[in-house]
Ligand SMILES: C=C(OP(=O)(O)O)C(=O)O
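Take a look at this single chain in structure tokens; it is the form predicted alone.
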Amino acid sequence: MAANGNANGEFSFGTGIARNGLTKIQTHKKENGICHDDSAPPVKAQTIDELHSLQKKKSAPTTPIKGTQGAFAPISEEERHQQQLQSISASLASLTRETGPKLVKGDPARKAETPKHVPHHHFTPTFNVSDSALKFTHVLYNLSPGELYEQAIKYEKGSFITSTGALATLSGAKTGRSPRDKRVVRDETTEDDLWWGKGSPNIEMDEHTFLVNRERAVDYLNSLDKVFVNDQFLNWDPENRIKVRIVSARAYHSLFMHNMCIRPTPEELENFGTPDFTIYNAGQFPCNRYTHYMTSSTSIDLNLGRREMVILGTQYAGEMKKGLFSVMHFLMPKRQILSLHSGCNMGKDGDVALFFGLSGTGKTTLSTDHNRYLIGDDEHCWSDNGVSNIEGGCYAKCIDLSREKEPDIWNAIKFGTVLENVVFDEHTREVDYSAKSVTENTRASYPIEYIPNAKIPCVGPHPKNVILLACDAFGVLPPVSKLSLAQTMYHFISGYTALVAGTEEGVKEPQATFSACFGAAFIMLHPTKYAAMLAEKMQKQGATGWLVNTGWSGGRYGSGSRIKLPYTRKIIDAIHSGSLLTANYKRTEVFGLDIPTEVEGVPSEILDPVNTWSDKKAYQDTLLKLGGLFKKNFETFTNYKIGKDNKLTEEILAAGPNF
């Protein structure tokens, strides 16, 4: 056993026997070498916390933006932090106290000792000092997804990591928007510009009530040990972007907005300064129901004069996204920029298409095309520069999601994605997308770069095609129609789709749904203003309007059948390629729509819906019924004037059903 034949002479088996009965191993150092030395100077840390601090390298979350400017004013880290804290403190200043809370950076769980540096911009209030003046509020500023995951999992019930790495979370009792609880301050800023009254989504409140709710929200946020602050952008067009600040109490809300807004580069964050618009999300705290204009313990309040939004009594994150969209619907038209509730994609040759459509019409499915670049899925601006996405992310429905039907969305649900109100397996953490036990409105929020064919930056040239989608469950609209400018305005203002009515057994009567500008809940001005801007831009840029029915053919729901998706895709392809512009057209009755006589890959007989109905009288009756529903809906908009006369409204009205 006393072998000593190691070629390098580094070790040998000795002849001695160890106490456990095994042969001893003896090591021999080489004269001029080291056998295995991984020694290094000891880490200079006195505590575990200090050791942890060496693991971390400071950075800021960013959106990948090509060609960003790198030059910015040199400033020390301490001065920059102080400026940020001053700005955030000013945002959180109460109306009845002259300063905001005392703010320090970082998580209170990691800062047991008294902070070494306290910004000295706070002065002694002239009002009575309350106990709140004695405490610090810790600011968690523009945290990364990893940091926000830690915060959510540690401190927020219902937060878990799913099997694909997404963060599953709960939005509380409210699992959707509360449009009846949304209020807009009616003052000199909004009195003449906004659409008020019948049909409008804008329910008024006065400035005083807003300030009462703002005080309640700010006091709640100031009472917390920590608040999350996001400083981000809206609109990818650098000339017209808006700086937004979101102050919230939940890591879930901060991560959601990190995904949905445009993430600044570190250089942009250095010079962020004062935001153009601020959200105070105190959703865990209810509003006072005895306050004037309140109808429940939930209130979502917009003050366009102060450029502020207050959220009380709902933790549903979509309120922030859509609240900011409403703000863009007000601010952008003032710059002659059209804000649009639409999907948008671009072909390899730079041809851009806009897709409008209500829920269930196929907007997401048809605007997601592997042969085209995705500019955005929901909110856009059309300016003199072209089209630009408002957001930095996507907010996709998850109910019945499958890898086969929506592979891009499926693959986007990974680390960094927020999953709202989904159900998952307790052990494997695999999500059951068909489960509706929390809500049917399950959602995923993820950065747009998670989509493989997303165009970064999310901007494109002027649109060539404006596609209005309707799922017509009455079965009388053609699969595709080419629209005149007046017809485009008429159908854009109408915002029609028809779905199957209710859930009662035996009820098969379709129900018409109209939503002005395909997003009535978010528009601020009268629909005719947006429609006129759309027509003006289409005319100037030579864009064509199309009405595409993704609903029924050969009869209404219950007797006819849904138009096959491959046929609709062929129609969309023909619009993109430009081949539909050169097709032969004929005009339909009642709606006066121009329909092509043939489309490549689509059976010609289905292009005119009358051909597919065996009962021609039933077709005619249903057509007249739908025409009547359109006319009745449009009565809300007929008395609106642009300019001195009613000429434009009359022109739009003449483009509707005629019988």
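Position 1 is the first residue in the sequence shown; the rest follow in order. It should be emphasised that the depicted structure is a prediction, and the values quoted were computed from it without experimental measurement.
Another form, the form predicted together with the named molecule, is not on view; read the next lines as being about it.
Remark: of stretches 357 to 365, 156 to 164, 475 to 483, 281 to 289, the one touching the named molecule in the predicted bound form is 357 to 365 (heavy atom within 4.5 Å). Checking Asp378, Asp231, Asp301, Glu268 for any heavy atom within 4.5 Å of the named molecule in the predicted bound form turns up a single hit: Asp378. Scanning Phe492, Trp236, Phe210, Phe522 against the named molecule in the predicted bound form with a 4.5 Å heavy atom cut-off leaves one residue, Phe522. Interface membership of Tyr316, defined by any non-hydrogen atom within 4.5 Å of the named molecule in the predicted bound form, is confirmed. Among heavy atoms of Arg250, none comes within 4.5 Å of the named molecule in the predicted bound form.
Contact check for Lys321: a non-hydrogen atom falls within 4.5 Å of the named molecule in the predicted bound form. In the predicted bound form, none of the heavy atoms of His81 sits within 4.5 Å of a heavy atom of the named molecule.
The three marked residues, Tyr373, His462 and His576, fail to reach the named molecule in the predicted bound form, with no heavy atom of any inside 4.5 Å. Residues of 443 to 457 placing a heavy atom within 4.5 Å of the named molecule in the predicted bound form: Arg443 alone.
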